[in-house]
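A lone chain, given as structure tokens: the form predicted alone.
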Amino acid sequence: MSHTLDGPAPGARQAQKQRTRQALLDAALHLLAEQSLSSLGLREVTRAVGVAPTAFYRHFRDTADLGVALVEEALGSLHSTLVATLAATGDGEERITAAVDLIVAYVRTYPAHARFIAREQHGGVKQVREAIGGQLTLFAEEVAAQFAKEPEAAGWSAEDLLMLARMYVDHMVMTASALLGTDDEEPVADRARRQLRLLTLGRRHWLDAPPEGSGG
């Protein structure tokens, strides 16, 4: 049956709605290259897309809601990639190289997303700060779960494994921020690899340390 008289088919309407939503996200990300989310007006975004301001509310409650969606777009797909990278490498040089290469490739491929996360992690929009914090906590939990499967985790408490995982995740964020601030990737990548070697050495000898307060 033709939909010519009744308007577009439901599938076509949904596809158009998704295209408009993505266009709003893309426009916002472009505008955020020069400003923070707290200063972004929704009319700026709709003007860039060429839709009426009222159309914005069909997709997002406000600019904070749009920012949360950008966080998911920026970091959501990285979870499976990071876990797969860790699972495919041992606790050594191969993992160090693969982890740093992953961050370099991410920043090189998605610089606008990386810059948005770096700026808004401590920005003025609470919902977005919390969304980023939630994503980083999830990364740490996933990394800790992978570490727990490895022989090197024998004797480690869950609390210490999560602490180590958070250090890895913090290192990833720090490396991404450093890469955004330079045109020369290799010195940053080299420093990142050396820092991960230090973490790796610390992991191997963590249980050698005397308990706190033992005086040993």
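Numbering starts at 1 and follows the sequence shown. Please read these numbers as outputs of a predicted model, since none were measured by experiment.
Absent from the display: the form predicted together with the DNA. The rest refers to it.
Visitor: Indicate whether Thr54 is a 4.5 Å heavy atom neighbour of the DNA in the predicted complex.
Guide: Taking the distances in the predicted complex, the answer for Thr54 is yes, it comes within 4.5 Å of the DNA.
Visitor: Consider Gln22 of the chain shown here, and say whether it contacts the DNA in the predicted complex, taking contact as heavy atoms within 4.5 Å.
Guide: Gln22: no, not in contact with the DNA in the predicted complex.
Visitor: Are any of the heavy atoms in Glu44 no more than 4.5 Å from a heavy atom of the DNA in the predicted complex?
Guide: Yes, Glu44 sits close enough to the DNA in the predicted complex that at least one of its heavy atoms falls within 4.5 Å.
Visitor: Would Pro187 show up as a contact with the DNA in the predicted complex if we use heavy atoms at 4.5 Å?
Guide: No, Pro187 stays farther than 4.5 Å from the DNA in the predicted complex.
Visitor: Given the stretches 56 to 64, 26 to 34, 168 to 176, 143 to 151, which is the single one in contact with the DNA in the predicted complex, using a heavy atom cutoff of 4.5 Å?
Guide: Going through the listed ranges, the match is 56 to 64.
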